[in-house]
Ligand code: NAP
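A lone chain, given as structure tokens: the form predicted on its own.
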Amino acid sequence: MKKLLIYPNNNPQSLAIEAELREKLLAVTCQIVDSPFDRPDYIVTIGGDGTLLSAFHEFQDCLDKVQFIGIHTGHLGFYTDWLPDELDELVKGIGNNDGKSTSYPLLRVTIRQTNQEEVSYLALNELSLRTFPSTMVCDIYVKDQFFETFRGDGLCVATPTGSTGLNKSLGGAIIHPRLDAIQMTEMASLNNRVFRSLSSPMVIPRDEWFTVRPEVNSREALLMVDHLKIEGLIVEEIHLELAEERLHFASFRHTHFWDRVEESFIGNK
């Protein structure tokens, strides 16, 4: 018997879809559970990419045991494949699924504080670091080798799927999620006769990593992991690398990545 956890947002349409989906799943003897401790086979989100992102952060402890399915109630997103009028097809697909999945790379963010304590996070999209109102200054290392001293508004380090978000708006490249890589883009870097930085996106493979060491005034930094604001840390160093964990999507229907890109940014169809 397939076990499912349903995770809607609070939109009335999403809650109505949840009720309808529950009824259809129970009719085919699927089991609906309310906790990841019940070991669901699938987590079905109802809403948009933000809803799936919230579910990802809430259920990170079971990423290796569960497949995600997204029903979108707004615009087509990068993580949501199903429309509300496709519930019958979705239920049939769940019943017939042989367990195959499509997986996406994740970013491991490890923050060492000035007291040497470490905290770690997983990001589906990106880490962003910026300061207000002063210029952010930090040393950047690639695989423990000093690369540059950055001065500017901030930095973004993105996963391949996150490359379509903040990274793209900063002029970064869109990277297919089959590539195990992460990308760093700069926010308004300061470049003149005195201060220089690369001023171009950097893409590194799985066996390399970024280390960012901000100046002492890191108390002023705004640190975001996806949509989550990380507060109360006095940062000495941020270590950024591809995570061992991956996010798995049920692959009995999963929209091709470049179709998602075309639909979201070009819309020729």
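Worth saying up front: this structure is predicted, and the values here are computed from it rather than measured. A residue's number is simply how far along the shown sequence it sits, counting from 1.
The protein also exists as the form predicted together with the named molecule; that form is not presented, and the subsequent description refers to it.
- Comment: 47-55 is the region of 23-31, 236-244, 196-204, 47-55 lying near the named molecule in the model of the complex, near meaning a non-hydrogen atom within 4.5 Å.
- The contact residue chosen from L166, V142, L87, A181 relative to the named molecule in the model of the complex is L166, the criterion being a non-hydrogen atom within 4.5 angstroms.
- Interface residue among G93, G77, P177, G152, judged by heavy atoms within 4.5 Å of the named molecule in the model of the complex: G77.
- Among heavy atoms of R39, none comes within 4.5 Å of the named molecule in the model of the complex.
- Residue contact check for T131: none of its heavy atoms lie within 4.5 Å of the named molecule in the model of the complex.
- Contact check for K65: no non-hydrogen atom falls within 4.5 Å of the named molecule in the model of the complex.
- For T185, no non-hydrogen atom is located within 4.5 Å of the named molecule in the model of the complex, even though that partner is not displayed.
- For the stretch 101-131, the set of residues having any non-hydrogen atom within 4.5 angstroms of the named molecule in the model of the complex comprises N125, E126, in sequence order.
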